[in-house]
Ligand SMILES: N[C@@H](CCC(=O)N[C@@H](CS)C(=O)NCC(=O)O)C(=O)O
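Shown here is one chain on its own, the form predicted alone, set out as structure tokens.
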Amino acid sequence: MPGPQASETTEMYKLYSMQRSGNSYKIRLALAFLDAPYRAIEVDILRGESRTPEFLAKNPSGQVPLLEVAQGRYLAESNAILWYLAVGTSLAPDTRMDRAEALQWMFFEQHALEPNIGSAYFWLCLVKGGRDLQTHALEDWLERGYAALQVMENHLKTHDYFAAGQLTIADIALYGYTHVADQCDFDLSTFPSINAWLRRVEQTPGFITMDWSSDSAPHDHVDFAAEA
């Protein structure tokens, strides 16, 4: 698979991310598929490390992932980062319609999938005591999350991937939280087409799991004092 276009600098990418964040994992997965070198800098949002003055100077929204594409040039929002990395590679569709369809599914991921499955995953799997704190919201997350999964299932009954007939960043965007849905009360056993798609993504050369780390992608911890 071809790598990304030359960046604005010869320096290695720096990726500020959280290992167990689905949005952060999307970027690490795309970088792995593209065999693009980068330095991973761990930012623990649960300890307030994305809300320090030092981090906010890089990304005023105080969120990860954040990609430093050149000295002092930062790009936020996971799907924007995916497009930046994918341009000029097989992960970005070539035709106008295929690009629009990829964007369609990436918008769907951010307004239908991530707010529900992503929120359930965050509170049930990452935050200690999160289930008790969000009991009132879980029913809504499940209802809307299952509705999003059904939309995906219906598409995948007749398509192997979400755009261009091949693996693209649309699949990477959707994979990020779909693959952990069964960890936060969603039953994926009734979605055979989604399960088959998950396996296709996982069988793609270069695939890495969410917890993967390697010396080829140095993994540092950000040295920011957590907010009180």
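Throughout, we count residues from 1 along the sequence that is shown. Computed from a predicted structure; not experimentally measured.
Form predicted together with the ligand: not shown, discussed below.
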(request) Among 64 to 72, 32 to 40, 157 to 165, 194 to 202, mark the stretch whose residues have heavy atoms within 4.5 Å of the ligand in the model of the complex. (result) 64 to 72
(message) Please tell me whether the candidate spot formed by Asn116, Leu174 and Thr178 is one where all three residues come within 4.5 Å of the ligand in the model of the complex (heavy atoms).
(response) no
(request) Check whether Thr89 has any heavy atom within 4.5 Å of a heavy atom of the ligand in the model of the complex, and answer yes or no. (result) no
(message) Against the ligand in the model of the complex, would Arg51 count as a contact residue? Criterion: heavy atoms within 4.5 Å.
(response) yes
(message) Can you tell me whether Glu77 touches the ligand? I mean in the model of the complex, with a 4.5 angstroms heavy atom cut-off.
(response) yes
(request) Find out whether any non-hydrogen atom of Gln134 is located within 4.5 angstroms of the ligand in the model of the complex, and reply yes or no. (result) no
